[in-house]
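Consider the single chain below, provided in structure tokens and representing the form predicted on its own.
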Amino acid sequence: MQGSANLNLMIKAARKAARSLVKDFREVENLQVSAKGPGDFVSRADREAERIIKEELRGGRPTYGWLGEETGAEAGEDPTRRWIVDPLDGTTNFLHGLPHWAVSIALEHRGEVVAGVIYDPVKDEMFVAEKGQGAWMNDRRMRVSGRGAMIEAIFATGVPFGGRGTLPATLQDLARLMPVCAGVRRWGSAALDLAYVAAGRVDGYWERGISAWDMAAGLILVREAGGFAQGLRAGAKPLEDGGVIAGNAALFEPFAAIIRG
């Protein structure tokens, strides 16, 4: 895929941050046996990755606004554009030495995500999309799955942890969905869940109570791969809704009907 200058800048930033994170990820295994544990170390790794991304993106586009998981929101001279960044999506996996986490970078223009990059450095899978240009993984065009029967489909979600208030609703979702599908997966990275919908690896994904940086890049991946991505509430925008439903074209309506109750 021949991407725009903005997309190439995003890819470069993701790769640079990933190199730092991979070094830290190798160190996590050594820290697992320590009394203190790797928590503080991973927090520093997360912040350092965001610093690297911010330096790269701001260096190339100094007027754009910013929304990052670690550093929050900052207005730019250009009020129509902002970067939306999660430097380490799947922090808990990273913390436990599980090789399933990613760097997520999106570009928003006038409230719409127009480019997205999700990079899984452990598997060396670079998922990219740009408005009107399709979705790609390592130079291979991606399409959502073609399955049309719920009983043959598998779905991904995030199960709330640590006493989060969305747990009861999510358990109700699972109770309605699991009897009518082939299975539900919980991998621990919202960004990669959306990338996997775009790649046709899973047929749909939903999650409650997540932030804009968790899903922004994944939204355009799914849409450019021929799928649908909407807010949990019908008609709501996902970035404002705090929840998302995504799926292939054939199954989206019955899937969304089950989740929305």
Ligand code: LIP
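Remember, predicted model here, so these are calculated numbers, not experimental data. For every residue, the number given is its place in the sequence shown, counted from 1.
What follows is about the form predicted together with ligand LIP, which we do not show.
Heavy atoms within 4.5 Å of ligand LIP in the predicted complex are found in one stretch of 148-156, 133-141, 108-116, 83-91, which is 83-91. A heavy atom within 4.5 Å of ligand LIP in the predicted complex is found for one listed residue only; from 164, 176, 96, 123, this is 164.
The three marked residues, 69, 186 and 214, each reach ligand LIP in the predicted complex, with a heavy atom inside 4.5 Å. Interface membership of residue 203, defined by any non-hydrogen atom within 4.5 Å of ligand LIP in the predicted complex, is ruled out. When contacts are judged by a 4.5 Å heavy atom cut-off, residue 103 does not count as touching ligand LIP in the predicted complex. Interface residue remark: residue 128 is not counted as part of the site for ligand LIP in the predicted complex, having no heavy atom within 4.5 Å.
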